[in-house]
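Let's start with one chain on its own, the form predicted alone, as structure tokens.
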């Protein structure tokens, strides 16, 4: 079938297998161009099919020649219907790992569930024995709690008072003011249940109980803070409460890892275009202005550049790992440079529909959004009739 993007709001309903393959190949090429990293050798990535999770898997496998097991929840293809992009990303990754002689297997299912945890641990024990790095990079709007059976839904709202601020429809480029009602206490509770640290801790508890973690194992989760401009809807909102919970969980996990001399950290990463960020008010406009500023300074990074820097210069550099006052690794440092934020704030005050193309990088935002689904890559013939039914080699 000939596959074109079908966009509804902040979601694209189709994905292109050749484009997703090109995305993975580009990330592998970047990783290999930077040379080897003396990093992990047996890695579990929870949330492994897109974004920072896929970048972590690629960096582990093609930067450190590590065996990887990836866990994710993706929609497989059907005749006449494409898979979700993470399915095609994983299919491409598995093919390249096989060609390179690198162990890689994948599990598709609800990572919040006990069944998937048990299945994953059984695979680790059978094939790898133990893992030395666990990446937790889940991004889901809902969580069915495995113990209570309650279905929790996260919301993206401010706390305390309603928010009114600028935003942009990144499809049309129209800048408007938007108002978002304040959340309820139940909204906060549910968002923490979905996006906080409880499930991360459950994974580590299960791995420890099964003796599936190597001595000196490292455990990483990903977070975001952001600038003053976005704090009302993000860091001071419901999602910020969930991130606070995730970050405090790192200390609980580190205590549990002491007997194997392991440590848990949260890495605070840079703002990037994702399906989640596209759904947030204010954030698309901020990212558009940020991209313009950071590209002009030569400091812009995508997922693969961020994770490569995190692995090479921070976690596996061989030097003392520097963290902030709350024990977090900071690779959002270039985003939050005073000069960068000053320029973004100046542009924010002036931005309108008429001058956004001049002050921001809306085209870069749109391009990155389409790239998430395998569209917009050079070297891919999007008029070609392609097979949508791509299997994942190594899927358990």
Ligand code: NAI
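Numbering follows the first chain given and starts at 1. Quantities reported herein were computed from a predicted structural model and do not represent experimental measurements.
Here the subject shifts to the form predicted together with the ligand, a form of this protein not shown in this document.
Taking a 4.5 Å heavy atom cutoff to the ligand in the predicted complex, the contact residue among 165, 236, 277, 94 is 277. A heavy atom within 4.5 Å of the ligand in the predicted complex is found for exactly one of 63, 51, 360, 40: 51. Heavy atoms of residue 109 reach within 4.5 Å of the ligand in the predicted complex, making it an interface residue. Using a 4.5 angstroms threshold between heavy atoms, residue 265 stays clear of the ligand in the predicted complex. The closest non-hydrogen atom of residue 139 lies within 4.5 Å of the ligand in the predicted complex. Using a 4.5 Å cutoff between non-hydrogen atoms, residue 103 does not count as a contact of the ligand in the predicted complex. Screening 184-192, 218-226, 205-213, 149-157 for residues having heavy atoms within 4.5 Å of the ligand in the predicted complex returns a single hit, 218-226.
In the predicted complex, the residues of 72-90 lying within 4.5 Å of the ligand by at least one heavy atom are, in order, 72, 73, 74.
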